[in-house]
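Only one chain is shown below, in structure tokens, and it's the form predicted alone.
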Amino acid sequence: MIKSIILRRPVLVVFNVTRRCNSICTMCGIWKTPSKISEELTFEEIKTIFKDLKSYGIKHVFLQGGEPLLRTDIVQIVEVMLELKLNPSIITNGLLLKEDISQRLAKLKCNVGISLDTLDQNKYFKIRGVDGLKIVLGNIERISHIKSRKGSWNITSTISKINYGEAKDLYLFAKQKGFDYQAFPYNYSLCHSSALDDDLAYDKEPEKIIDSFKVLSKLAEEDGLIFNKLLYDEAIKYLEGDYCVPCDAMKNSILINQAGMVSQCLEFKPSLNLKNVRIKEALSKLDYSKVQNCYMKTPCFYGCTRAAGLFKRKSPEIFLYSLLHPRAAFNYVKSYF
């Protein structure tokens, strides 16, 4: 990965393994055009493509969707990533994290992010479009008793005008259940994958959302979570409108969709298929000026296109903190490297 950083090559692939989903989230447009199973990469095609990605210097893979657990071979996909010495993370809504698959994933060095935006049933239905809060909470409760999880399991929230008042409660809930916690502001950019919902958007009153991230920054600092604190501080700058930091898209991360098509990020339409071209050639044909234009005119704060760049930019602070708090640094490295 160090070589990729020096050569300014992407180190993260966001792999949308399917467009099928069992939620109809108002913040997302993917579920509106679900993929057919026949349109999705086969297991063997995934192996071939990711061997090429590994040779190019990719280190981290986000397996998401849609809902990635709708793929019946998702555990086998994780195992292939591990065989290639990649670091996989599954991003799931948690509805399908039943006993069997939870136990199987817990035995693998795979990070799992469970999306949970609220602890209120009515708000959950408004945001996610399904009445599934009790199911997700039940799955989280059961998983909390699995003590031998090899990967980092965390609860992730999208903070919006609907749930900004719950940020602290969600943080404490995750901590109580033995999960890490991360939150990002609600984003809608070019709306290729995202979707604008006026009930979630905070453009006219960002102060409430900003206050929520200030609370999260303080909590993270108190718990010694330096990377999360830095992430929340950057989110505050973004929310305050003081944010034109170059985007990580193409520089540190790329997106591959369910069919093997590659694009700069989830907000751009994929154009080249990695079944037909290798990643080096595909990247040479993608237009980075579109990314520049995007972050200047419609900046966003997605985790996949901000976290990797943040780690690079803030590396001196993180390094200093690591010297003073080696145990916290070790736990982070163990999970992500």
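Keep in mind that what you see is a predicted model, and the values were worked out from it rather than measured. Residue positions are given as counts along the sequence shown, with the first one as 1.
There is another form of this protein, the form predicted together with a small molecule, and it is not shown here; the text below is about that form.
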| item | value |
| --- | --- |
| Whether T48, M81 and G260 all lie within 4.5 angstroms of the small molecule in the model of the complex by heavy atom | no |
| Contact of S35 with the small molecule in the model of the complex (heavy atom, 4.5 Å) | no |
| Exercise: N93 in contact with the small molecule in the model of the complex, heavy atom 4.5 Å | yes |
| Partner contact for N111 in the model of the complex: the small molecule, 4.5 angstroms, heavy atom | no |
| Non-hydrogen atom contact Y302 with the small molecule in the model of the complex at 4.5 angstroms | yes |
| Contact assignment for the small molecule in the model of the complex, among T158, S102, N87, S217, heavy atom within 4.5 Å | T158 |
| Residue among G151, P206, P185, G132 with a heavy atom within 4.5 Å of the small molecule in the model of the complex | P185 |
| Partner-proximal stretch of 138 to 146, 67 to 75, 222 to 230, 163 to 171 relative to the small molecule in the model of the complex, 4.5 angstroms, heavy atom | 67 to 75 |
